[in-house]
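For reference, the chain that follows is the form predicted alone, supplied as C-alpha coordinates.
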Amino acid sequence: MNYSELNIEKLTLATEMLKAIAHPMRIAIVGYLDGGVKLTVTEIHERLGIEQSTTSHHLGILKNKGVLSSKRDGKNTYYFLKHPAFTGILDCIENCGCQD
(Lines give C-alpha, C1' and ligand atoms only; values in the text may rest on other atoms or scores of the structure.)
Protein backbone atom coordinates (compact mmCIF):
# COMPACT_ATOMS: atom_id res chain seq x y z
CA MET A 1 0.00 0.00 0.00
CA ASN A 2 1.26 3.46 -0.84
CA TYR A 3 0.70 5.43 2.35
CA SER A 4 1.52 8.74 0.70
CA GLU A 5 -1.66 8.38 -1.35
CA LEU A 6 -3.96 8.05 1.67
CA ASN A 7 -5.93 11.16 2.45
CA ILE A 8 -5.90 12.86 5.82
CA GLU A 9 -9.48 11.73 6.56
CA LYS A 10 -8.54 8.07 6.20
CA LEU A 11 -5.39 8.58 8.24
CA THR A 12 -7.42 10.25 10.99
CA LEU A 13 -9.85 7.32 11.09
CA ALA A 14 -6.94 4.87 11.25
CA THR A 15 -5.39 6.87 14.10
CA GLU A 16 -8.65 6.82 16.06
CA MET A 17 -8.93 3.06 15.62
CA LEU A 18 -5.37 2.56 16.86
CA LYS A 19 -6.01 4.80 19.86
CA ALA A 20 -9.13 2.77 20.63
CA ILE A 21 -7.20 -0.49 20.97
CA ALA A 22 -4.37 1.11 22.96
CA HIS A 23 -5.46 -0.53 26.22
CA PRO A 24 -4.63 -4.05 27.48
CA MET A 25 -8.28 -5.06 27.90
CA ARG A 26 -9.24 -3.79 24.46
CA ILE A 27 -6.30 -5.58 22.86
CA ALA A 28 -7.51 -8.75 24.61
CA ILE A 29 -11.05 -8.20 23.28
CA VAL A 30 -9.75 -7.86 19.72
CA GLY A 31 -7.76 -11.04 20.24
CA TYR A 32 -10.83 -12.94 21.49
CA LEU A 33 -12.71 -11.91 18.34
CA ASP A 34 -9.97 -13.04 15.96
CA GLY A 35 -10.94 -15.41 13.18
CA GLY A 36 -14.54 -14.30 12.84
CA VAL A 37 -15.51 -15.19 16.40
CA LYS A 38 -18.69 -13.50 17.68
CA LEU A 39 -19.14 -13.12 21.44
CA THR A 40 -21.66 -11.50 23.78
CA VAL A 41 -20.66 -8.98 26.43
CA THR A 42 -21.19 -11.71 29.05
CA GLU A 43 -18.84 -14.12 27.27
CA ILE A 44 -16.22 -11.39 26.92
CA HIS A 45 -16.44 -10.17 30.51
CA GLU A 46 -16.11 -13.74 31.80
CA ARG A 47 -12.97 -14.25 29.72
CA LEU A 48 -11.49 -10.94 30.84
CA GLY A 49 -12.38 -11.49 34.49
CA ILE A 50 -13.61 -7.91 34.91
CA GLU A 51 -16.99 -6.33 35.65
CA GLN A 52 -19.59 -6.50 32.91
CA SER A 53 -20.07 -2.72 33.05
CA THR A 54 -16.35 -2.19 32.45
CA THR A 55 -16.45 -4.65 29.57
CA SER A 56 -19.42 -2.80 28.08
CA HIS A 57 -17.46 0.45 28.35
CA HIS A 58 -14.50 -1.04 26.43
CA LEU A 59 -16.82 -2.54 23.80
CA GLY A 60 -18.49 0.84 23.36
CA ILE A 61 -15.17 2.53 22.70
CA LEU A 62 -14.14 -0.12 20.17
CA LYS A 63 -17.49 0.02 18.42
CA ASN A 64 -17.60 3.83 18.39
CA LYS A 65 -14.17 4.01 16.74
CA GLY A 66 -15.02 1.45 14.06
CA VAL A 67 -13.03 -1.50 15.37
CA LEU A 68 -16.08 -3.62 16.25
CA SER A 69 -19.58 -4.15 14.93
CA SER A 70 -22.47 -5.81 16.69
CA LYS A 71 -25.56 -7.76 15.74
CA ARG A 72 -28.58 -8.39 17.91
CA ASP A 73 -29.95 -11.94 18.00
CA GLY A 74 -32.94 -12.23 20.33
CA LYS A 75 -31.87 -11.12 23.79
CA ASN A 76 -28.17 -11.22 22.95
CA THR A 77 -25.95 -8.76 21.16
CA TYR A 78 -22.91 -10.33 19.52
CA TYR A 79 -19.74 -8.35 18.97
CA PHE A 80 -17.29 -9.07 16.16
CA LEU A 81 -14.44 -7.40 14.32
CA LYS A 82 -15.65 -4.95 11.71
CA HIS A 83 -12.47 -5.55 9.70
CA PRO A 84 -11.14 -9.10 10.24
CA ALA A 85 -7.68 -8.09 9.00
CA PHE A 86 -7.41 -5.88 12.10
CA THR A 87 -5.88 -8.77 14.04
CA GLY A 88 -2.78 -8.35 11.88
CA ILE A 89 -2.03 -5.39 14.14
CA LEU A 90 -2.03 -7.76 17.11
CA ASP A 91 0.41 -10.02 15.28
CA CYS A 92 2.68 -7.03 14.75
CA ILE A 93 2.46 -6.05 18.43
CA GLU A 94 3.30 -9.58 19.51
CA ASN A 95 6.19 -9.94 17.06
CA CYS A 96 7.65 -6.46 17.46
CA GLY A 97 6.93 -5.30 20.98
CA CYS A 98 6.34 -8.23 23.26
CA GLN A 99 9.63 -10.05 22.89
CA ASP A 100 11.95 -10.58 25.85
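The first residue of the sequence shown is number 1, and the count goes up from there. Computed from a predicted structure; not experimentally measured.
Same protein, other form: the form predicted in complex with the DNA, not shown, and the subject of what follows.
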If you check in the model of the complex, is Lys19 within 4.5 Å of the DNA, heavy atoms only?
yes
Give a yes or no for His23: in the model of the complex, does one of its heavy atoms lie within 4.5 Å of a heavy atom belonging to the DNA?
yes
Looking at the partner-bound form in the model of the complex, is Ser69 within 4.5 Å of the DNA by any heavy atom?
no
Looking in the model of the complex, any heavy atom of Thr87 within 4.5 Å of the DNA?
no
Select from 21-42 the residues with a non-hydrogen atom within 4.5 Å of the DNA in the model of the complex and write them out in sequence order.
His23, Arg26, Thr40, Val41, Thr42
